[in-house]
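There is one chain below, alone, in structure tokens, taken in the form predicted on its own.
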Amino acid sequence: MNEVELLNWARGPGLVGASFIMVFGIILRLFEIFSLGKAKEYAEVRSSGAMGGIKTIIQRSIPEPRYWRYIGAAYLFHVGLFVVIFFFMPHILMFESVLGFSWPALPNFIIDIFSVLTIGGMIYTLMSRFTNPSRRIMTVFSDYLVWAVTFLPVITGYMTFHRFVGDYTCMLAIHILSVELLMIVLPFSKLSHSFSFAISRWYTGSAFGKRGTL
């Protein structure tokens, strides 16, 4: 299989297969979450809890200034990933082919800045796991695996765009394959927080809101 054939496979059967596994995994994970049910309410219910759920999602998505020292880099690369994935023109064209609609893209130099910030933030968070004793003790193999699976699409995408090494066609194929690996791992690992975080925060905020404590 040459570079062109590899790229065609990655864009075709590889992408279809990875998408199927990701969607199936997300549905399975959501089924597991919602099948847990709700704890019985023993306190007086004072409201529907809807506003409490919304408030908690917003509040816990914006870290307090005093915590920036600890989570600033992690927050930065999460924002960077979001921007690069959803506002880079080639990515938008891919989404358009699936969804049937598109949205405005950011200039390439802006995407470039966020890519560098994302790469830097991820490297910093990895180094902190080695240098911080408490984080090193709490870190297990799956944490490093998740980091690597997330880092590969970012670094290969950056290298492909700037044509740093190797044949462009081969690098593009590798980038797409790394994205597909991320898609496959996402619903079955800690990366599932990318869609489950809102559910958990809503549940917590709603529970407190119903009791009038939020």
Partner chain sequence: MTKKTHRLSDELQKHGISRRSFLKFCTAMASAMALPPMAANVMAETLEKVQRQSVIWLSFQECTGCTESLTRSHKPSIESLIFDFISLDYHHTLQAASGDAAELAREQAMHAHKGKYILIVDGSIPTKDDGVYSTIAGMTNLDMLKEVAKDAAAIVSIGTCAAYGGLPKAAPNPTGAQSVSEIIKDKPIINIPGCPPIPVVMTGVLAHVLTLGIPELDSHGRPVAFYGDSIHDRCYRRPFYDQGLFAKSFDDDGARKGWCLYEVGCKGPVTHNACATLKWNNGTSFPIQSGHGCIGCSEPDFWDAGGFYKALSTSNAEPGHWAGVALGAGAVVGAAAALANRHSHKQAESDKTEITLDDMKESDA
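Just so it is clear, the model here is predicted, and its values are computed rather than measured. Numbering follows the first chain given and starts at 1.
The form predicted together with its partner chain is left out here; the points below concern that form.
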property: 4.5 Å heavy atom contact with its partner chain in the predicted complex for all of E5, M89 and T169; result: yes
property: Contact assignment for its partner chain in the predicted complex, among I123, M94, I85, V116, heavy atom within 4.5 Å; result: M94
property: Proximity of F151 to its partner chain in the predicted complex, heavy atoms at 4.5 Å; result: no
property: Contact flag, F31 vs its partner chain in the predicted complex, heavy atom cut 4.5 Å; result: yes
property: Any non-hydrogen atom of L145 within 4.5 angstroms of its partner chain in the predicted complex; result: no
property: Heavy atom of N108 within 4.5 Å of its partner chain in the predicted complex; result: yes
property: Sequence-ordered residues of 1-31 touching its partner chain in the predicted complex, heavy atom within 4.5 Å; result: N2, E3, V4, E5, L7, N8, R11, G12, L15, V16, S19, F20, V23, F24, I27, L28, F31
